[in-house]
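Here we start with a single chain on its own, the form predicted alone, put down as structure tokens.
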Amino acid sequence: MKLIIHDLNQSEADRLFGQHPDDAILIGKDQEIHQCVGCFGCWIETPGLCKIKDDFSDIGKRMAQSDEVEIISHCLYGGFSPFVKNVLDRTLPYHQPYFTIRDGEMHQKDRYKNHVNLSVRFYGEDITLPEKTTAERFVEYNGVDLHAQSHTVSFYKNLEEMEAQRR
């Protein structure tokens, strides 16, 4: 299954994805999401499930069922848009409350056995070279944190350019 996290409005998403396959889950701004409050209930009280009752309480489980995670985000200062960042913050239940050292850095241990392929597509008219460098390093870190088998990063000036490449 493919999990697609995006910050597009509905008409942009419809244009870019058209009829998405049945095995894909789209996560977009039209869904209700609250911010992670750092209560760690997803680790202690309801392991693997967020205690916040909204459309994202089972985001960890959705990621665990995915073999591919695609993120489409406006690039802001070398990072994700606020909506996409919020969704990624809410993936805390995907991890266990224990830490391990991987590649010389501390990361959470796996809760699930899957290892996704991560692809990130940033868009923005004036993404600078330093912002691209920061974004690439940030996605690399996210890939390690999500136990990704692979990760790719692409940059586009606008959605039309991204749409043309997807054909």
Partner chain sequence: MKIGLINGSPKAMGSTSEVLLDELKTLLPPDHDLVSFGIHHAMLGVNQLEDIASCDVLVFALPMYMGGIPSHLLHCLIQLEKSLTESPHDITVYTIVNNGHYEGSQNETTIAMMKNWTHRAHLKWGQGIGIGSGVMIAMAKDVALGHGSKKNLAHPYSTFVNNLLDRESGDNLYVNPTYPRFALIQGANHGWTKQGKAHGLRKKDLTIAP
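Numbering follows the first chain given and starts at 1. From a predicted model like this one, the values you see are computed outputs, not experimental measurements.
One more form of this protein exists, namely the form predicted together with the partner chain; it is left out here, but the text below deals with it.
Residue contact with the partner chain in the model of the complex: residue 123 places no heavy atom within 4.5 Å of it. Though the partner is left out of this view, residue 45 does reach within 4.5 Å of the partner chain in the model of the complex, counting heavy atoms only. For residue 145, a non-hydrogen atom is located within 4.5 Å of the partner chain in the model of the complex, even though that partner is not displayed. Of the heavy atoms in residue 31, none are within 4.5 Å of the partner chain in the model of the complex. Residues are counted as partner-facing when one of their heavy atoms sits within 4.5 Å of the partner chain in the model of the complex; in 111-140 these are 111, 112, 126, 127, 128, 130, 131, 134, 137, 138, in sequence order.
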